[in-house]
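Only one chain is shown below, in structure tokens, and it's the form predicted on its own.
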């Protein structure tokens, strides 16, 4: 198990220190795959570097399998003594060494026969058997990343750190390789921590998802829960396509509704400031999969086929007034599904996810309705997009 508690790291820029990490807490269970997701400057790479030992934290503790690696009471354990393997961006292989010698780099202290056996085992494991004599420049980008993974696994570390290892690959190869890596690490029972800014990558790979912003952890947990229950509107928009509109709350308890440009909607949960008497303004977060759209002169074109958020078990069934009328401005086709972009009559733009077989034309007049309870953020000051 990896445990990080109260981690702080500041850099001095000019006269003023900047907190790259601000009291970060993190737990990664043994054998699980965790991802740390955040935009540039959120602190995720600094966190990884502190865990690896490449940076020394200003405060806090890092513990792996019950062993303190960094804390105020001990000298920081050197990177090569931490029992941690690192897969950096773009592999960072040694260009003058063969594939086999790259993989063997971290186990040079083992007897030659055992070292050769371990290298052959790992090359077979990552699908590169027979390529041990090649140099890195003779491999494709995906093959180079496999070598980097084999090199990190060679010493049989307790933890593997992956620093955006797929970012330089083309889209299709990125998807294929990350699934291969995920399956391999799961089969080995290896504890892994991936740092990425790619939302799809983070959510599809993770057993445990951590979202960082401004040097702090703003959410952590099961990926589906983190996506379904964003702590604020900003995180909701960061984790996937969404629109935020202004609304007015009404009711209390399990019967809260919100009035907005999409009609009167059921509320799954309220977050943010406590609602005060006379202060019912809020932000309403709506995702494409929560919406359905129908032509004004025809039947429903996109039934609620895709899984949307349903809120808590006690949330009321979705309710809506007549919805809102809109005009289609574009449709993006992805094969299995499509995004229909519409502009409501008040100017608000939304994206609606529909089956790939559904077709709309630019300018079609439609009605948009919400199928599931929405999340609202009471008293929020953020503006609609």
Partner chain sequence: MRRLTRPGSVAAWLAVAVAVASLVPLIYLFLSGTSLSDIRAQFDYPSTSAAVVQTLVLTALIGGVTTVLGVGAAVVVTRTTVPAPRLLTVLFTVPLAVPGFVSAYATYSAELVFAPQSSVVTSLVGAAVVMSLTLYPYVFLPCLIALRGVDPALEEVVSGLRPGRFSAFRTVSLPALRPALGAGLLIVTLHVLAEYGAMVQLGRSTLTTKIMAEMLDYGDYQSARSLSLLLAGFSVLVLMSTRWLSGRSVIAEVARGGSRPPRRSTLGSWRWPVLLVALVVPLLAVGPTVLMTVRGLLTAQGTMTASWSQVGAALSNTVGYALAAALVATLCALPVSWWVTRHPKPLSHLTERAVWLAHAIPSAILALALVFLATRLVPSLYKTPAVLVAGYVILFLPLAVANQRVGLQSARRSYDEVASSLGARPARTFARVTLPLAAPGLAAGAILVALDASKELTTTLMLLPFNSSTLSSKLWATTNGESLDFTAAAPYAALLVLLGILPVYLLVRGTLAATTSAPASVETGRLDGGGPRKPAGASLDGEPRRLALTTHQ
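Because the structure is a prediction, the values reported are computed rather than measured. Numbering follows the first chain given and starts at 1.
Absent from the display: the form predicted together with the partner chain. The rest refers to it.
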Q: Counting only non-hydrogen atoms, choose the one of 150-158, 288-296, 122-130, 178-186 that falls within 4.5 Å of the partner chain in the predicted bound form.
A: 150-158
Q) Which of 67, 359, 56, 336 has a heavy atom within 4.5 Å of the partner chain in the predicted bound form? A) 56
Q: Have a look at 106, 214, 240, 263 for me and say which one sits with a heavy atom within 4.5 Å of the partner chain in the predicted bound form.
A: 106
Q: Indicate whether the candidate residues 46, 75 and 136 are all in contact with the partner chain in the predicted bound form, with contact defined as any heavy atom within 4.5 Å.
A: yes
**Q.** 4.5 Å heavy atom contact, residue 204 to the partner chain in the predicted bound form
**A.** no
Q | Contact label in the predicted bound form: residue 114 to the partner chain, heavy atom within 4.5 Å | A | no
Q: Tell me, yes or no, whether residue 38 is in contact with the partner chain in the predicted bound form, where a contact means a heavy atom of each within 4.5 Å.
A: no
Q: Classify residue 97 as contacting or not contacting the partner chain in the predicted bound form by the rule of any non-hydrogen atom within 4.5 angstroms, answering yes or no.
A: yes
